[in-house]
Structure formats: C-alpha cells, structure tokens
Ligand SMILES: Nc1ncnc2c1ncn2[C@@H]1O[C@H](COP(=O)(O)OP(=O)(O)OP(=O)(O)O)[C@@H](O)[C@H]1O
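A single chain comes next, written as structure tokens; it is the form predicted alone.
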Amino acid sequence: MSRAVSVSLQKGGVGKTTIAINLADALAARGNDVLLVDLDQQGNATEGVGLKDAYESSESNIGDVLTDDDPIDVHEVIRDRESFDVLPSHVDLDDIEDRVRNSTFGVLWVRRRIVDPLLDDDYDYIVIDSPPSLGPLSDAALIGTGNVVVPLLMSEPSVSGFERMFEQQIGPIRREVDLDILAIVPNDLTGNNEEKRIIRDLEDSPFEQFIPPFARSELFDDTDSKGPGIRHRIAFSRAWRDGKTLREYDPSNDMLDRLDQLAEIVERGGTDDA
C-alpha cells in the first residue's frame, strides 16, 4: 500500500532529518519508489543528501509549486538520486511559509500539489522532513500526508515537545482530517538511566502503542541486544557531512536493521502487528 508520511516534532535537535533521510533510504532498499520532500526552512535534508546547490539555487524550486500564482508542475523541481528522488528545500522557504499562511487553501497545497499528483502514479512512498516548529508548513505536511513518525530524544524537553505537539497540533488536525501516528522513535540513545526511565514512562502512557518493538525498555536488559531505539552512532553525522545516507556511507552499520524495521512499520501502517 502506498503511503505518505511526515517525520515531525515541533522541537529541533532530535535527529528528525536523520530519521527522514534514512527512512526514505530504507524504504527504497525494500524495493519501493520513494520521494524525500524537504519542507524544513534550514534545508538540512537537502544538504544531507548532497544537494546543497539546489537549496541555494535561483532556478525553479519548491516555492514555485506552493503558490497561488501560476504554480509549476512538481515534476519540474524533483532531483533524481540513485536510491530515491528528492524535492529539495530552498533558501526562500520562510517566504513560502508566509504565502501558505496567507492563502485560504495554503495548508492544502502539500496534499494537492505534491502528494496527490505523485503518490501511486510516480512513488510508492513520500517522506516529508517537516519544519521543527508549529506553523503552516508543518500543518500542511501533516494534513498532506495523514501519517506521522515522531523522533524523540529520551529527555524531558523532547518528550514535552511531543506532548505540546500532540495537544496543539495533532489533536486539532485530527478533529478535521485523519492523521495517524505510525511510530514514536527513541533516537540517538547512549544507554543511560535517564533514557531507561523515560522509555518506561512512555510505555506506561497512552502513547505506548506507538513505540516499536526495537525501542522497548526490555532491550536494556537483553545482553544479546544493542539496547533499544536508534542508537548513537558517529556514522550518522559523518554520512550527513558527506551528503550520503547511512547505508551509502557505512553499508555494514548495525543501525540499518533498525531503520529497516521502521520502514516495515511505515509499510504496514503502524506498530499494531509488529
């Protein structure tokens, strides 16, 4: 089943872009046609897949798709890559967000101009790297995809950011359209006691159902396991620096299996049958 998904959290610094890039790569490695869309004004996903030139380009860009003023066809700004395609961010995306905010139907542009024309016919999966804040672009991403993966550091500020996002953004959107949480992904774990406590708190919360099997606290005590979640690996930052996915930079990295499991959850539409 084809599916669009946003990788989103209103708090920055949680590894959102790392998850988005490598989820797109993992879905592609499973034989799917995948498009990565960078809706983050900082353009980190665009740079992280080696397309920094597109972020700074004055040629046609994502802003020419998300506009009331004679929008261009989205196919014109998609960049080809070996494993998956990319719709790059652009340096002027802040101005584009104002355009979305000030248009009556701006929050529907991502669905109408990107997701609906491309999903099924061109791509099996569309992965959107959302802005790390509440606002019209992140709303447009969630409304446009109807699915979200939430990366979390196992820290109180990160969890509080998710709780605010759930109350202030996901909840209100759900009152208008369908929006499914596919997974909450503990990210960049090192194995300290605070991480263990927070994962266990999440397992005792209403969000327990969204925690993948590879992120459960029981793995802290499993001597045959690396521990739960996406673990801290310096290869993630080195891969981003080189404009590569983790698989391209380090094809034997032990986190590729975890990312494959996350891709399977996205394919399946949630963690229920994991």
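Since this is a predicted model, take the numbers as computed values, not measurements. Numbers for residues come from their place in the sequence shown, where the first is 1.
As for the form predicted in complex with the named molecule, it is not shown, yet the points below apply to it.
In summary, among the residues 169, 147, 187, 158, the only one with a non-hydrogen atom within 4.5 Å of the named molecule in the predicted bound form is 187. A single residue from the set 244, 233, 52, 30 has any heavy atom within 4.5 angstroms of the named molecule in the predicted bound form; that residue is 233.
In the predicted bound form, the named molecule sits within 4.5 Å of a heavy atom belonging to residue 14. Of the heavy atoms in residue 106, none are within 4.5 Å of the named molecule in the predicted bound form. In the predicted bound form, at least one heavy atom of residue 132 sits within 4.5 Å of a heavy atom of the named molecule. Proximity of residue 44 to the named molecule in the predicted bound form: non-hydrogen atoms within 4.5 Å are present.
This chain is displayed without the named molecule, yet in the predicted bound form the stretch 36-44 from 215-223, 52-60, 65-73, 36-44 comes within 4.5 Å of it by heavy atoms.
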